[in-house]
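Just the one chain here, laid out as structure tokens, in the form predicted on its own.
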């Protein structure tokens, strides 16, 4: 592996996606669980307020990841967003509906008003949790791309068995991540219900994770190189993190369980990108190599300028987000809403 600015930006984009999935993962999980754990409006308010101060900050990592891809690898961005137009459009609509629901749910006390926005939060969380897995599975596994670097498949090409299994796995993993977060951040009935549900989700998550890791290895095993070997090592670490998460969930050690589910998400994302490198969109079309970090890249000067900007602003963003989590670290309980005005 030759380390240059192209490689640097590939791994910086990996870091951005890691941050997004780790942080937005528990956001999605809380939204998915809203109709199941929120037995009444107060419970649902508790759940929403556990992520209320941070959900929009978590989404910033998606915007930065998309912007960095556009600037560093414009051919990758163009092929990805044209070929995956419908799934990415559905994700965008879901995220918009979810954001609007968070902002407007509390503007009216009528149950039917809040019920509609609760549905938007659920579907706005569930759809991206599923479709991000489908999208990344196809990126790693390869899609039909012609010599003009254009995607030649259709929607049903993307809905292949491997991608759907990965999508279901990310859905379950994010849901478990959200349940563990609720157990850690909420108090009372919501926390207890989250602990009970986490115990039911832990083993299915681990089972699906094993299937995805083995399936991915079999897909990539034909031509192992240095980064693929690193991906295999990362896969082993994924399994260890998942086992640790299951054990912590079963013992009701919320802090360690959150570390376990978080590490699982981080390592799964790293594993997929390691299998992908140096490609960014492999082609399944015979005789067409697809896109890699060189033929999809911007100019070297662009990458240099981006590197300077990243070195200046990334620590600022990290510091601000860490501070915001510290400020809003207090647990949320029903009493905070039953003793104040709705």
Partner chain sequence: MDPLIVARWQFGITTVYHFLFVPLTIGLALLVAIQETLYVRTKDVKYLKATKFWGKLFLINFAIGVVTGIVQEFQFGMNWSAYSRFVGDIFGAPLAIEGLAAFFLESTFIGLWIFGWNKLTPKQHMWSAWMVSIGTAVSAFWILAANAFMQYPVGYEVNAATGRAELTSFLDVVTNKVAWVHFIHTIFLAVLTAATLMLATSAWHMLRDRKDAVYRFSAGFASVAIFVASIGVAFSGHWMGQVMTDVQPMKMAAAEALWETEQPAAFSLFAVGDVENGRNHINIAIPRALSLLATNSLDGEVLGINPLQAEFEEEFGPGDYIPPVGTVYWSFRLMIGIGFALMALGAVGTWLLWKQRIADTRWFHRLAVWALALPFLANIFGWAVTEIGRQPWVVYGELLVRDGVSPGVSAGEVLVTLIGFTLLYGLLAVVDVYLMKKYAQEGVTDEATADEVAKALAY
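For clarity, every value in this text was computed on a predicted model and none was experimentally measured. Residue numbers count along the first chain shown, from 1.
Heads up, the form predicted in complex with its partner chain isn't pictured, but that's what we're talking about next.
Interface residue remark: residue 22 is not counted as part of the site for its partner chain in the predicted complex, having no heavy atom within 4.5 Å. Of the heavy atoms in residue 79, some are within 4.5 Å of its partner chain in the predicted complex. In the predicted complex, at least one heavy atom of residue 60 sits within 4.5 Å of a heavy atom of its partner chain. Taking non-hydrogen atoms only, residue 283 never approaches its partner chain to within 4.5 angstroms in the predicted complex.
Checked against its partner chain in the predicted complex, the candidates 279, 48, 274, 32 yield a single residue with a heavy atom inside 4.5 Å, and that residue is 48. When you look in the predicted complex, the only residue of 117, 171, 181, 136 with a non-hydrogen atom within 4.5 Å of its partner chain is 117. Of the candidate stretches 263-271, 173-181, 191-199, 149-157, only 149-157 contains residues with a heavy atom within 4.5 Å of its partner chain in the predicted complex. Using a 4.5 angstroms heavy atom cutoff to its partner chain in the predicted complex, all of 64, 85 and 96 count as contacting. Residues are counted as partner-facing when one of their heavy atoms sits within 4.5 Å of its partner chain in the predicted complex; in 84-109 these are 85, 86, 88, 89, 92, 93, 95, 96, 99, 100, 102, 103, 104, 106, 107, 108, in sequence order.
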